[in-house]
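One chain comes next, on its own, written out as structure tokens in the form predicted on its own.
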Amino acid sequence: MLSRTPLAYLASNIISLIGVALVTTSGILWLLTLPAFWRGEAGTPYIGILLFLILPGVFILGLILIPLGIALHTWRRRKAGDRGPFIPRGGELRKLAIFVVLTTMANLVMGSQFTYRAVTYMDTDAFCGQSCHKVMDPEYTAYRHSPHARVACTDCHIGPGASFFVKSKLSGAGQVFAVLFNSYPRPIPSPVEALRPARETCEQCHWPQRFSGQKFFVHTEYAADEPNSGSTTVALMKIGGRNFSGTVGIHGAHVDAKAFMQYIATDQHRQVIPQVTYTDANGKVTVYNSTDVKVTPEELARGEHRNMDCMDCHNRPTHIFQLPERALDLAMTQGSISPALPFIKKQAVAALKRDYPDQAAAAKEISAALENFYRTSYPQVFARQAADLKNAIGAVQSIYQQNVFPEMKITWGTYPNNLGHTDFPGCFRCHDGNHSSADGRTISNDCATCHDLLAVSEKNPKILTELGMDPAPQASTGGAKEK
């Protein structure tokens, strides 16, 4: 009887042979790409998927096929009446045992590496934001330009704990199929209902018991006139928290550990709030009903009943989409768009608000529109301030590319931002002066409740001069339109 090698027993049928081929191929590829596995990095998200997800899947499939094939082959032989030995005997058995032990040890090393990298890769920002490029491009773009750009996506969207990790991956599987079959919604809705409570995510870094003090707020707004006239508002925001006298300021009132707020929203985006309930530290309950929002008891019962937390005001802490006017004001204040270019605010707003089929077309037409305006209306500016105009065009194009995504049907104002009340209702969803209780109390809409206004739309606020701060960048001096 001819002696057979251990590998011959493990690949004695077509299914096991395929399994052996898959495991061997995966092992060779693992050795060739070992540096990438040690680093946990890949050149592109798609190479990462290939290395850290598909390759481990092929390896595990191969390991499953080997014993499955042997079991099926043995079952078929028994069914056919074969009563011969199904495993080797004597020296061949020892060789097989040694081979299995050695390959199992090698497979454990590779398998642990594959499993670890698959799990860690699925937690990377590149996987979350770039794998499904078209779908997640808007959110990922906003994330990279946000205050949380160095915070991992999973820290906020999953948080600590194995249960939420598993839940997120199961949810992600459904999203993969939605991408494959092109059945995902456009725009992607904000996951307001699926997010974990802020105390389990946000408060891992932001500690409510340590909120304190006030925030100095300066915003310069530029008019749509020829000199881009700047006016500055300065406010002292009463951020507050807790101090020796108890809870004070915005955070102290809304996230007091000894009191809590509840509200009912009757729309999907939590913009319509007909009822607010406040329970103070002594347990006294006060219900405030809106006199503007008319709802039936049935509609109120069907609404979303929610305990208020950080995300009700800071609903876009990372994925921030600006409106064109505010984005341009910021760019002009920071100097990326020169206010010395006449009518740049007006022309930039007009260019940004046009409808474009995609971002490539937008970039091209924004450049053409601004160049044509200055070439025909201000030829001397076009010639002498060419560098300023080039920088301005690039900044306006960037503003569009960071905020508008035609393919995903995301345009200006698609996602409301509840922080403040300048661009969206925000604070005024409750602080509108129309939420009153049965005993005549009202949720205040007095400006002084949340901030002290030190200057309102002033050209050169005295308070900034007193503090030694520079005023807004100098705008153009205007002048007659050039022909």
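Residues carry their position along the shown sequence, with the first being 1. Just so it is clear, the model here is predicted, and its values are computed rather than measured.
Beyond the structure shown, there is the form predicted together with a small molecule, which is absent from this document and is the topic of what follows.
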Go through 370-378, 230-238, 357-365, 114-122 and give me the stretch that gets within 4.5 Å of the small molecule in the model of the complex, heavy atoms only. 230-238
Selected contact from Gly303, Pro406, Pro317, Gly394, since only one has a non-hydrogen atom within 4.5 angstroms of the small molecule in the model of the complex: Pro317
To verify the annotation, which of these, Ala331, Leu352, Cys202, Leu341, has a non-hydrogen atom within 4.5 Å of the small molecule in the model of the complex? Cys202
Close approach of Ser190 to the small molecule in the model of the complex, 4.5 Å, heavy atom: yes
At the 4.5 Å heavy atom threshold, is Cys450 in contact with the small molecule in the model of the complex? yes
Flag Val456 as yes or no: does it have a non-hydrogen atom within 4.5 angstroms of any non-hydrogen atom of the small molecule in the model of the complex? yes
Mark Trp75 yes when one of its heavy atoms lies within 4.5 Å of a heavy atom of the small molecule in the model of the complex, and no otherwise. no
